[in-house]
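This document opens with one chain alone, in structure tokens, the form predicted alone.
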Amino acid sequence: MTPKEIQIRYEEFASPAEMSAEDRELVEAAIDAMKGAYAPYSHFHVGAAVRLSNGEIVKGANQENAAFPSGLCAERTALFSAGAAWPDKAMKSIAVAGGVYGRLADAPATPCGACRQVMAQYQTKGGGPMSVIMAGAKRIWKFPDVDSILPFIFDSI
């Protein structure tokens, strides 16, 4: 046996004001996207915003359904919308924000495993890293790529 260790590097910010203008804009778009959430069961509103290689920002919000698990997470609504509208553009970054009844939670909202895998697929398709930003009211985490939040990404190749 050989012991191994995984280390994850990320940046932590106390507020969007500490971030680059581009990242701040993406975080603000994700927070704004929370308004589009349909969450009558969990009351947890999530917004996501994806920045494409052409500078376009595509937003998504979680959509719940009485027939669980027929709803969809904010990250995947944004990613799939961006992929359908701009199939030839790489996704450079994604920001996620969430909170109960649309009020941004203090801690960052973290993507589920399915959303992380979809991010990984689009990162691979784009041919370069997609940074991942998770925003909360009291701290924001920025990861340089999807590999940082999903080690050992599933890849059919």
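Keep in mind the model is a prediction, meaning the values are calculated, not measured. Don't overthink the numbering: it's just position in the shown sequence, from 1.
From this point on, the text means the form predicted in complex with a small molecule, which you will not see here.
Just to be sure I understand the contacts: of T124, T110, Q117, S53, which is the one whose heavy atoms reach within 4.5 angstroms of the small molecule in the predicted bound form?
Of the candidates T124, T110, Q117, S53, T110 is the one lying within 4.5 Å of the small molecule in the predicted bound form.
Is V46 close enough to touch the small molecule in the predicted bound form, meaning at least one heavy atom pair within 4.5 Å?
Yes.
Residue-level contact is defined here as any heavy atom of the residue lying within 4.5 Å of the small molecule in the predicted bound form; does C73 satisfy this criterion?
Close contact exists here: in the predicted bound form, C73 approaches the small molecule to within 4.5 Å, heavy atoms only.
Which one, 61-69, 85-93, 26-34, 124-132, holds residues whose non-hydrogen atoms are within 4.5 Å of the small molecule in the predicted bound form?
The contacting stretch is 61-69.
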